[in-house]
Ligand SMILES: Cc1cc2nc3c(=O)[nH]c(=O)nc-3n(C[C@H](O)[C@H](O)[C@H](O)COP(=O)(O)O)c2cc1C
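In the form predicted on its own, a lone chain appears below as structure tokens.
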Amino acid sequence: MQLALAPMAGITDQVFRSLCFEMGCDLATTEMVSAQGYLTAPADRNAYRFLLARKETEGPLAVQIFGSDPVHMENAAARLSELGLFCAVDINMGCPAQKVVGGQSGSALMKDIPLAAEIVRRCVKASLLPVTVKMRIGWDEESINAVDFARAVTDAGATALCVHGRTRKQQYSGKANWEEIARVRQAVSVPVTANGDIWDAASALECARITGCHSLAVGRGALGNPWLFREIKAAFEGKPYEKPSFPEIMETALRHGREMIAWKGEKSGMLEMRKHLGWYVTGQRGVARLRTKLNLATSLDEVEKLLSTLLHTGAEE
């Protein structure tokens, strides 16, 4: 079973991805990159430098682009594929965020199959790398069109699909429709990765059983828990798995913070880390009283003291 880290804006940067690879992730994708923004931004624009950065310790990494203009998408695919950093160009046709669909990008493309196919066709022609597609099962419950959409983009040249089993209207609520992912897998000849509601080994096994997919993409389940890849791998291999202790979680969170600060500086690094710290301590006893302090921490030394306090007070409850 191949396990991928699903791309998540503001989360799946090089530091987090490297931790996931260390824990058993087989493939990852960058945060999504605006095709038009990338093409028009100054060469020294930090935002794109950070989005496209990758660590030497990472495994296979695809670069994900989004947009609705076929020419911009074609040109971005060409330029990014020439960088020598990535294994594929992935086209985002699944993001539900209003700022993305408002520009007719992301999951809005599921309402315009001819345009989606044209974008894929142009990217395939321009790219030196394979072109893949991240999609949903439809715009809403009344317009589930995943099978027709999948056939169109694979006919246009997409070599693999990752299907999130929700509609755009659902955002991230409700239950992922794994049965619809199974229908997509049966309808196309390219590999299909199942995505949505993979929180632990049990859900991963069930998702694989229902969809028949040989590849799963883990998203929100990995937040604060990069060990999830190790857990799922153990389950598929029939091996025992022992969850990390809180001291191990604490040390990983601090290591995550140290690497983030070394990359982006203390101010920006700490701002980035606040959300991750909240995820790392979720479920620990006594966390409620320290969550606000963690969210306001301005240095890693302060975070280390707070986590040490949580370790000792939690153990006493």
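Don't overthink the numbering: it's just position in the shown sequence, from 1. If you're wondering where the values come from, they're calculated on a predicted model, not measured in any experiment.
There is another form of this protein, the form predicted together with the ligand, and it is not shown here; the text below is about that form.
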| task | Go through 253, 260, 62, 32 and name the one with a heavy atom inside 4.5 Å of the ligand in the model of the complex. | result | 32
| message | Heavy atoms within 4.5 Å of the ligand in the model of the complex: which stretch in 152-160, 214-222, 240-248, 138-146 meets that? | response | 214-222
| request: Consider residue 172 of the chain shown here, and say whether it contacts the ligand in the model of the complex, taking contact as heavy atoms within 4.5 Å. | output: yes
| query | Is residue 300 one of the residues lying within 4.5 Å of the ligand in the model of the complex, judged by heavy atom distances? | reply | no
| 4.5 angstroms heavy atom contact with the ligand in the model of the complex for residue 296 | no
| Contact of residue 310 with the ligand in the model of the complex (heavy atom, 4.5 Å) | no
| task | Given the ligand in the model of the complex, answer whether the residues 47, 52 and 272 all have a heavy atom inside 4.5 Å of it. | result | no
| Across 1-22, which residues bring a heavy atom to within 4.5 Å of the ligand in the model of the complex? | 6, 7, 8, 9, 11
